[in-house]
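Consider the single chain below, provided in structure tokens and representing the form predicted alone.
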Amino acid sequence: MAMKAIVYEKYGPPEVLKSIETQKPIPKSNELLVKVKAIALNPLDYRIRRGWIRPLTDFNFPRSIGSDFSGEVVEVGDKVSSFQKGDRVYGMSFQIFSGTSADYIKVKASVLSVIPDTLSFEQAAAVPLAAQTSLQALRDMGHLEKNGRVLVNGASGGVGVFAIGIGKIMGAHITAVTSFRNIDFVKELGADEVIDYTKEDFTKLDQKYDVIFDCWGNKNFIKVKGSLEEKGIYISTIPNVKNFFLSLKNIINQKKGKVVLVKSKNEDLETLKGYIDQGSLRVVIDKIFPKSEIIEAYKYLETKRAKGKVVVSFE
């Protein structure tokens, strides 16, 4: 049975994306078939689409795009007992192999969860990659403790917004780095202090932090190490060659510099679902685009001015 998918056949700008007709996937016994209702866009999408990690992606064209998704279960594999047909679910796919920009996708039960009761499909799609990145970075890599001091660089973006919320849930003191345009926005999200990067460079200030979470990618470990406490940890979301080398070097030596490579886990999505349903974690969407305007959606994301998430509705 045929379906529509949004793909690209060569690396390039958003204009390389196009809609094609392809075969509807057939789930294996340990998988589910999900009718996609919405996807959220992430910087990872356009980095892959531009060819930043060619050795891992050259083999698989045409490529669909997107990691985050929400949707409805339409078919359940024989070995899956935790979900049933009709469930509203959300999760993320490992985009190196398969994106989520299609009418239907097949996924393993271990990478998704039931959508929080309080969220629409569009809101749910905004959660998986960005929120799990923040959760795994602060909790698992940063070992953040109550009253710990966290600096979030790039605090108004998709990951940064969740980092503020999750940091506050964990009882931390949050310093947000953003531009003057978003000072009130990040304060409303719960930031205790704000540094306007257009006026001040946090690496030149006296304050030290237990965790520096670089969601923007413009401050490597060498630049920030003077702003870390003795046992402080720098965590970057940008897995470029320079950051990877610095991460490896410091894991071997002082374990102070790390790169977060998010993994979708049912238990982490369940944790986030609890936070959201309790009202302690907000989902912030800047804009929702229809599927027919996915090129415009990526153009907007790539301005790097979005506050929170950019979502594409497949309804």
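Since we're looking at a predicted model, the values are computed, not measured. One-based numbering along the sequence shown.
Unshown form predicted in complex with a small molecule; subsequent notes refer to it.
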>> Taking the small molecule as it sits in the predicted complex, is N182 in contact with it (heavy atom to heavy atom, 4.5 Å or less)?
In response: yes
> At the 4.5 Å heavy atom threshold, is L189 in contact with the small molecule in the predicted complex?
Replying inline: no
> With a 4.5 Å heavy atom cut-off, would you call V16 a contact of the small molecule in the predicted complex?
Replying inline: no
>> in the predicted complex, is there a heavy atom of the small molecule that lies within 4.5 Å of any heavy atom of V262, even though the partner is absent here?
In response: yes
> Which residue, G71, G167, G91, G158, has a heavy atom that falls within 4.5 Å of the small molecule in the predicted complex?
Replying inline: G158
> Which one, R54, K35, R47, K28, lies within 4.5 Å of the small molecule in the predicted complex by heavy atoms?
Replying inline: R47
>> Among the candidate stretches 78 to 86, 158 to 166, 103 to 111, 203 to 211, which one is within 4.5 Å of the small molecule in the predicted complex when only heavy atoms are counted?
In response: 158 to 166
